[in-house]
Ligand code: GAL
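Below you will find one chain, with nothing else, as C-alpha cells; this is the form predicted alone, and questions on how it binds or moves follow later.
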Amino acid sequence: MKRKSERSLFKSELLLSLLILFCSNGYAQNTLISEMDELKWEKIMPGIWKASFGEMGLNPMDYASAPKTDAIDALGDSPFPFAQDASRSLLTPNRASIRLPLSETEQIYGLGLEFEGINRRSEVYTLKVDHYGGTKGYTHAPVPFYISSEGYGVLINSSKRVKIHVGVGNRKDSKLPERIDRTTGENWSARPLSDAVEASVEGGGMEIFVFSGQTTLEVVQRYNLFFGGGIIPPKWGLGFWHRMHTESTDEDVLKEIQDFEENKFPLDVIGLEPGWQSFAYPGSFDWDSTRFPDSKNFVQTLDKKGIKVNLWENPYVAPVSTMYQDISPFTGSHTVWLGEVPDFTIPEAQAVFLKHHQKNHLEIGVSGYKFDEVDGYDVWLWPDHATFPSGNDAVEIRQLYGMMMMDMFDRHFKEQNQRTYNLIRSAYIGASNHNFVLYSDYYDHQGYVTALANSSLSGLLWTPEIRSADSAEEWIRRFQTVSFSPLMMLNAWSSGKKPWSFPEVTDMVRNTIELRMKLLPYLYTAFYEYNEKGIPPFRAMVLESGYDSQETLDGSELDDAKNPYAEQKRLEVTDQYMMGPSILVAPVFTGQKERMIVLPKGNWFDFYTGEYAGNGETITIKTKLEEIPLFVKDGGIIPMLSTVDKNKSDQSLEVRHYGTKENSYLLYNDDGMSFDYERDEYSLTELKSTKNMEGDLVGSSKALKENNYNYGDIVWRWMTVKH
C-alpha cells in the first residue's frame, strides 16, 4: 500500500506540473516579461555587480587570474548603470536566458575577436570558439563581454556557447516601435528596434557581471583589472619575430640568422614550425634528431646571440611521443588528426604535459610556444558528444581549452621567475593576464586592423602577422601594421619570405622595424599601464576621449536578388586605433593614395614632422609609401631609444614632445625578463614639460624610483612650433 501511495503522489505532482506548464487550450504558456524572474544583483567591488541563477558547469574564472583589488578601488565607485528591476532571467528545461535593458540610442561594442565592424547593435552572435569562418561569433576568442556607449559593460560568465541578440528580437509585451506597412509606408525595417539585449545558453544557469564606469575606457579597465590586469611581456617579446619554414634544420636557422645580420635587420625570436618535432599532426613534442641532432646546443647557441626560440605545437599527442603512455589515460574519447586529446581539467594531465615540456624544452632554454589549432573546425576537433575522463562536457572543454593551456603554462613559467610571450589560437573570458597573443589563418589586411581594435575591448591581444604579399606595396603596408601591434612577426612557415624579399622596399621595411624598436620605452610603459591600470596598450578609438565614430547607415536599395529586405549597411571607422596614451595609428592598405582619418577632439600633430593636423575633425591625407600615418595628441610625450642596441643596458633617450600643452609622463623600466618587478624591482622616471617665464616649453626628468633599470642620458626634442 505504501508503494502505491507513493506512485499516486508522484502522478499527482506530475499532473500539477503539466497543468502549470500548459494553458487550457493545451499549448505551452508564453512567458511574459513580467513572469520572468528579476535578477538579484550583489555589489562585489566598487563599480562591479554580480547576479546568478541556476547551476553552472565548468567555470571560466577558474582559468583566470585573481582581481587586482587595489587598482579597482583606485578607480573609485560608480553607480549601477540601469534599472535593476528591468533585468530578468528565465530557466527552462533546456535553456537559461537573460534580458537586459537597452535604450534607443545605445551602441554596443565588444564580444571578443571579430574581423568585421565595431558596433554590435542589431546583430545576433553565437559565441563559439572556432576557426573564423565568417559566421558572427565564430572566432578564436568569442568573449561574452559587451560594452555600452552609456558607460557600462556586461559579462555573461558561462562555459557554454552564449547566443546573444543585441537589440534584435522583440517580445510581444515589450515596448514596440511603430508598426509600418512595408507596401505603402516608409522607413520599414527588417530589424525593428528592440529595447533589450537577450542572451541564452543551453544548460542550467549562468553568472552575470556588470562593470560600471565614467567612460567606456574605465569600463574596460575594470574588466581587465577584475582578471588581474594586463601583462608586461619580456622585452625580447616586443622585438622582431621570424618563423622558419616548417622543414628547416638547425643549419637552415643558423644560415637565416647570418642573413639577418648581413642585411642589417634586427632579430629577437626565431619560431620553429611543426618540423622541429620527430612527428607532427599529431605531435610527438620530441625533437627531430635528423633536423636538430643537438637541440640543447642549438638553443643555447641562439641564446648567446640574443635570440629566443619559440616552438610551434598543437596539443594532440601522437602514439610515438615519449610521453604518450603517461598521458593516454587522461585523454578524451575522440582523436584530432589521430592524436589523443589531453583532458586538462585533470591535474594529472597537466602535470604530465608540463613535465615533458620542462625536461625537453624549457631546461635547454626554449622561451615559449605557439599553440595552434585549439579552436576549430568541427571537422578537425572533437565532436560535441565526445566524452572526457573528467566527466566534463566536451562543448565546455572546447570553449575553455585555450584558456586552460594559457593558465597552466603561465603558472609554470612564473614558478621559475621567467617571463614568456606566446602565441595561441583560442582565448575566452579573463585572458588579459595571460602572456599570449592571438593570431589566425585569416589574412585580410583590413580585417586584421579591425581585429586589432576589437580585441582591446575584451582583454585580448592580437597580432596582424605577415606571411606573404602580392606586391612590394602590400609587403611594406603589412609590415607597417604589424610593427604597430602587440607582436611584430613575419610568419614565413610556408612562403619562405624574408624581410628583404621585395628589394625595392627593403630599406622601408628595415626603417619601420627600427622605428618600432626605438619606441620600446613608450610601448613598454604602455604595457605597464595595462598591468597596473588595465588600460589596453593598443585600443579601439571608441575608448578614446573626444572621439566621434561618425557612424552612418547606407540607405541600401531594394534588390530582389541581393538585398530583398532593403537592409541598410552600417558604415563604421574600423581602420585606426590608439597605441599607448598619445599615438593614433592609421594603417594604409594596398592601393590607397590617400585616406581619411577621424581625429578626436583636441589638437593633433603629425608624428614625423610635428605639424598641426587637426582638432575633432575628419582629415584626408596623401599617403607615403615609406610611412605609416601616426598622429600625436597635444602635450604628447614620447620617449624613444636614441639607437637600436639591445645589448646596451643604460641606453640614452630622445624624448619627443608634441603640441604646446604642458604635460607629465611616468616612464617605466625593469629587467625585462623576470617577475622581480612584482617585488618592487623597477624604475619610474617622471618626464615633465612645463612653460618657463617666457612661455617656452622646457623639459625635465626626475627619478621617482631609482635602481639599475634607469635609462641613460635624456635629450628633449620639441617637435611642434607655436601656431
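From a predicted model like this one, the values you see are computed outputs, not experimental measurements. Note that residue numbering begins at 1 and tracks the sequence as displayed.
What follows is about the form predicted together with the named molecule, which we do not show.
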| item | value |
| --- | --- |
| Partner contact for residue 268 in the predicted bound form: the named molecule, 4.5 angstroms, heavy atom | no |
| 4.5 Å heavy atom contact, residue 288 to the named molecule in the predicted bound form | no |
| 4.5 Å heavy atom contact, residue 425 and the named molecule in the predicted bound form | yes |
| is_contact(residue 281, the named molecule) in the predicted bound form, heavy atom dist at most 4.5 Å | yes |
| The named molecule in the predicted bound form: contacting segment from 513 to 521, 270 to 278, 229 to 237, 144 to 152, heavy atom within 4.5 Å | 270 to 278 |
| Listed residue that, although the named molecule is not shown, lies within 4.5 Å of it in the predicted bound form (heavy atoms), from 132, 538, 493, 413 | 493 |
| Residue among 195, 372, 474, 532 with a heavy atom within 4.5 Å of the named molecule in the predicted bound form | 372 |
| Heavy atom contacts to the named molecule in the predicted bound form at 4.5 Å, residues of 438 to 453 in sequence order | 439, 441 |
